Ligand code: EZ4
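Take a look at this single chain in structure tokens; it is the form predicted on its own.
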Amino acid sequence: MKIVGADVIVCCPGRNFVTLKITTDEGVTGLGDATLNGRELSVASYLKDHVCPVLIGRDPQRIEDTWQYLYRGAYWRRGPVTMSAIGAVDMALWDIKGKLAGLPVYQLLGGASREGVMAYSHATGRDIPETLEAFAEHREKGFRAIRVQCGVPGMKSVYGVSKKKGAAYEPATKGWPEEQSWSTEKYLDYVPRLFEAVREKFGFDIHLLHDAHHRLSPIEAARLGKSVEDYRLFWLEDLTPAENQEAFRLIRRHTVTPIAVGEVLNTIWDCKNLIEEQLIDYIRMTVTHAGGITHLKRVFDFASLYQVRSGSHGPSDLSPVCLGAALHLDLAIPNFGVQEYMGYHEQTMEVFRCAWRYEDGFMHPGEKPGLGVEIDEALAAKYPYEPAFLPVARLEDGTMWNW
């Protein structure tokens, strides 16, 4: 069996996605997600110009060899563009292997380790009362874990908060990147009140999560973790930029609040010290940006040695193909923690047909052979790419900051 086609599909059914479709000489196809929010065309070009041509003629069943060929053989390793491209190829090859075997991918990974995958979603509001309303709505939908974000008085915009009540959160904007203002002092003084309000109204039965989105210094992160210990958070996410892995040692010294990190990490080397020294509790790398199922399973298996659990990033700017692949991994690995699930635009779910499902707080990848996700290419073509940028952040004095 040989690969005879590798096509890149760029479309915008509600938001931009990059999908790789690999075709074999026996007519079996596989899909992979290559979406990199705000830099989609960089990955599309990397695939079209450098990866797709060298896939033609290769054996699609040699997944590990192809992964090593694209990673080691390129010389220029790592990074989000390269690893997203490799991730798309890897997903597509697992999809093909599952279809050839007549089995869902999780069965090829050793079978199910659980009946379902606990998912968390996002409750946001422009103030605390509005966030509490959103929390109640998500609880009614059955979620047993909910991330909360809210506006902060004196700040025009805050990460994770949708612009309109009840609207889906979408950070990317058309035209030039939006410049947002940030005050760490105002945030640290206010956000613990949000957790207090949630626990007072809803109690401790639902897991509570929060994302600082790389905004804090290590000692500020330690202060936040210590100040919210009584509210028993499931995790605090991305407290400080993870380029400096040793920074998390300082945070660990000061708080027992669980720490999650990893959505902008791309390889096992980016999180090696964090895991090895047990400086985090959850690793949040994604199937797309971490080089596919093959590499992310390697990361999760390594993490399991140190009692670090998975918490895969699952925003709506990664396609339903990526979510499907993540759910197969989630179901199979022994050290699963939780899966992010934000939901998708109606147009997205018309373009992508999915076997995965959500019910009463849990998700399942389904029993369809392969990843269980297909794309309607004719419909996708009706939604052309629309340039959009993620925001940037500045401190109140104008200094550039981490968005």
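Each residue number is its position in the shown sequence, starting from 1. Remember, predicted model here, so these are calculated numbers, not experimental data.
The next section is about a form of this same protein that is not shown, the form predicted together with the ligand.
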Check your understanding: in the model of the complex, does Tyr159 have a heavy atom within 4.5 Å of the ligand?
Key -> yes
Review point. Looking at the partner-bound form in the model of the complex, is Trp401 within 4.5 Å of the ligand by any heavy atom?
Key: no
Practice item. Indicate whether His207 is a 4.5 Å heavy atom neighbour of the ligand in the model of the complex. Key: no
Practice item. Tell me, yes or no, whether Arg199 is in contact with the ligand in the model of the complex, where a contact means a heavy atom of each within 4.5 Å. Key: no
Review point. Between the options His213, Arg309, Arg252, Lys97, which residue brings a heavy atom to within 4.5 Å of the ligand in the model of the complex?
Key: His213
Practice item. Scan Pro258, Gly116, Gly151, Pro315 and let me know which has any heavy atom within 4.5 Å of the ligand in the model of the complex. Key: Pro315
Practice item. With the ligand left out here, work out from 329 to 337, 298 to 306, 315 to 323, 175 to 183 which stretch has heavy atoms within 4.5 Å of it in the model of the complex. Key: 315 to 323
Check your understanding: Along 224 to 258, which positions have a non-hydrogen atom within 4.5 Å of the ligand in the model of the complex?
Key -> Glu237
